[in-house]
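The chain below stands alone and is given in structure tokens; this is the form predicted alone.
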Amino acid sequence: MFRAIYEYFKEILLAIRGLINGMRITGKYIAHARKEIITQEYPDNRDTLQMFDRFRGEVVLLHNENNEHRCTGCSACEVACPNGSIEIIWARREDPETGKKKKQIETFVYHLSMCTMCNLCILACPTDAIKMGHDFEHAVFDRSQLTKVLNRPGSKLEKGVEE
């Protein structure tokens, strides 16, 4: 019987010791807390908010100041995408400089609602025509607004980029 009482009080003392140890560690963190503010007030700081460089927000087709892009329509990104969030609609048109028929993209469709931001399409692109953007505000009431056409109206292939 004394053995049971001894074990009972031993467990109580071990529990109190563990509680004091936990409170000691917590007190240490409170006493040596960070002085700078690390919490960001998101809706209020939209103008100054900067996402880190490796953030993956959405796929963006890069255009230069002359409304030219580097996408040749090779469909490597479309094939690499595991869930089909990229569609490239292309046609063979006659190149005015050479007179030969050349593949040109008509529409670069991106379904943001299906994208998992895996970055496989970016890695597959041989001409570095697309990249991951930093935009993260995609809340909409209608899912059809998450389907985007990435090539701008009237855009064409940049000179010097070949398939």
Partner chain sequence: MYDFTTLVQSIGNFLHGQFSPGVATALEWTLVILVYLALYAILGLVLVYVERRVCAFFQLRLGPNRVGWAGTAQTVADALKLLLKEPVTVNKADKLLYNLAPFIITLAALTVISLVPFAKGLQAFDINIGLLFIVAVSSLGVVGILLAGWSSNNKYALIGAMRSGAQIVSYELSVGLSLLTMVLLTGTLQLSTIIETQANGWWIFKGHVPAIIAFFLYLTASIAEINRGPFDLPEAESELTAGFHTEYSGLKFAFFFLAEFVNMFTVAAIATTVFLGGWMPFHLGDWAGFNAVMDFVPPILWFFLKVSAVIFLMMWFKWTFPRLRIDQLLKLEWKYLMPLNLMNLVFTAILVYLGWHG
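Positions refer to the first chain, counted from 1. Heads up, when I say rigid core I mean the largest set of C-alphas that superpose within 1.5 Å between the two forms. These figures come from a predicted structure and were not determined experimentally.
Unshown form predicted together with its partner chain; subsequent notes refer to it.
- A heavy atom within 4.5 Å of its partner chain in the predicted bound form is found for exactly one of 98, 66, 48, 39: 39.
- The shortest heavy atom separation between residue 142 and its partner chain in the predicted bound form exceeds 4.5 Å.
- Residue contact with its partner chain in the predicted bound form: residue 137 places no heavy atom within 4.5 Å of it.
- Contact annotation: residue 22 falls within 4.5 Å of its partner chain in the predicted bound form, judged by heavy atom distances.
- Contact check for residue 8: a heavy atom falls within 4.5 Å of its partner chain in the predicted bound form.
- In sequence order, 19, 22, 23, 26, 27, 29, 30 are the residues of 13-32 having a heavy atom within 4.5 Å of its partner chain in the predicted bound form; the partner itself is omitted from this view.
- Here residue 154 does not count as shifted, since its C-alpha moves by less than 2 Å between this form and the one not shown after the core is aligned.
- Relative to the superposed core, residue 52 undergoes a Cα shift smaller than 2 Å between this form and the one not shown.
- Once both forms are fitted on their rigid core, the CA atom of residue 11 lies 2 Å or more apart between this form and the one not shown.
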